[in-house]
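Take a look at this one chain, the form predicted alone, written out in structure tokens.
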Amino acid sequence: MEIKFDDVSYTYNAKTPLKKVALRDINLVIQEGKVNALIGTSGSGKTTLIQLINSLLVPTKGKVKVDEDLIGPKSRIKNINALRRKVGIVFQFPEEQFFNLTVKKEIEFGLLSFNYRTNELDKRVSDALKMVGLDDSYLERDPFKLSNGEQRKVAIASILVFNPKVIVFDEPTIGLDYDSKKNLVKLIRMLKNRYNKTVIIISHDIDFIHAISDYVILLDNGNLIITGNKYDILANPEALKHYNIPMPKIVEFSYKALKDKGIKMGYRDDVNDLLKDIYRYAK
């Protein structure tokens, strides 16, 4: 499903003295079937950009093309619910938005809002739980009494239940421990590889971004700075430093090995692969 930004700008409070330009003249194509990472310091325009994708916001200028829909100042979406079923957004701390007393009711709430046939609900809810690694024993559990990692999985399941073509994660690792982050990496890889989903991630967790992304989009002060393969961008220490983005630790180690020991190790996604390289060179 195509997602394309064509000369898009967005200004908050555009007609008031408090106006603030959040995005300027963005031209961008989201890579279909890939994990796309949005990076940049706070206030760079990342969250504004994803809210334009399913018309939570409408561009002040330009158009966003999402499949067959055009989102712009003079464009009208024929069916906003259909659009939002195609693009699911998992916001920061989504579990804080829970208000149902069982996991089943929490996950099926959106389906009922979208008027899905009731005879489909149980299977859809069960399938969504399985996709995030939970089974039907969770259906009648209280979502407020689950662990942080389990709550995040339920929140993701409440989006996957629509079977969206595009899934957006806004700061998904906040509040998660190491094991929960590893499980999230596995889940996102499964969504891409097994279910052919397009994934968009906003995160300040640069090590997580390095582990999971295929394609990186760097924003700064509302401007699109650079896009490309993650190895080209995240292994560029000068560019990252200029825009106050930390270097991934695994890349930093590889640079240090080259600088201090003259060992060119290449860039690895996984620490275990890096350890194998270290062992090989140590021998």
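Only a predicted model underlies this, so the values are computations on that prediction, with no experimental measurement involved. Numbering starts at 1 and follows the sequence shown.
Just so it is clear, the following notes concern the form predicted in complex with adenosine-5'-diphosphate (ADP), a form of the same protein that is not shown.
Chemist: Since only the chain is shown here, I'm wondering whether Thr16 would be in contact with adenosine-5'-diphosphate (ADP) in the predicted bound form (any heavy atom pair within 4.5 Å).
Modeler: Output for Thr16 is no: heavy atoms all beyond 4.5 Å of adenosine-5'-diphosphate (ADP).
Chemist: Quick check on Gly33: any heavy atom within 4.5 Å of adenosine-5'-diphosphate (ADP) in the predicted bound form?
Modeler: Judged by the heavy-atom cut-off of 4.5 Å, Gly33 is well away from adenosine-5'-diphosphate (ADP) in the predicted bound form.
Chemist: Using a 4.5 Å heavy atom cut-off, state whether Asn244 contacts adenosine-5'-diphosphate (ADP) in the predicted bound form.
Modeler: Outside the cut-off, so no.
Chemist: Does Pro237 make contact with adenosine-5'-diphosphate (ADP) in the predicted bound form, using a 4.5 Å heavy atom cut-off?
Modeler: Pro237 lies outside the contact set for adenosine-5'-diphosphate (ADP).
Chemist: Pick from 210-218, 227-235, 64-72, 35-43: which stretch has non-hydrogen atoms within 4.5 Å of adenosine-5'-diphosphate (ADP) in the predicted bound form?
Modeler: Heavy-atom contact with the partner occurs in 35-43.
Chemist: Could you pull out the residues of 149-165 that have any heavy atom within 4.5 Å of adenosine-5'-diphosphate (ADP) in the predicted bound form?
Modeler: Read in sequence order, no residue approaches adenosine-5'-diphosphate (ADP) (within 4.5 Å, in the predicted bound form).
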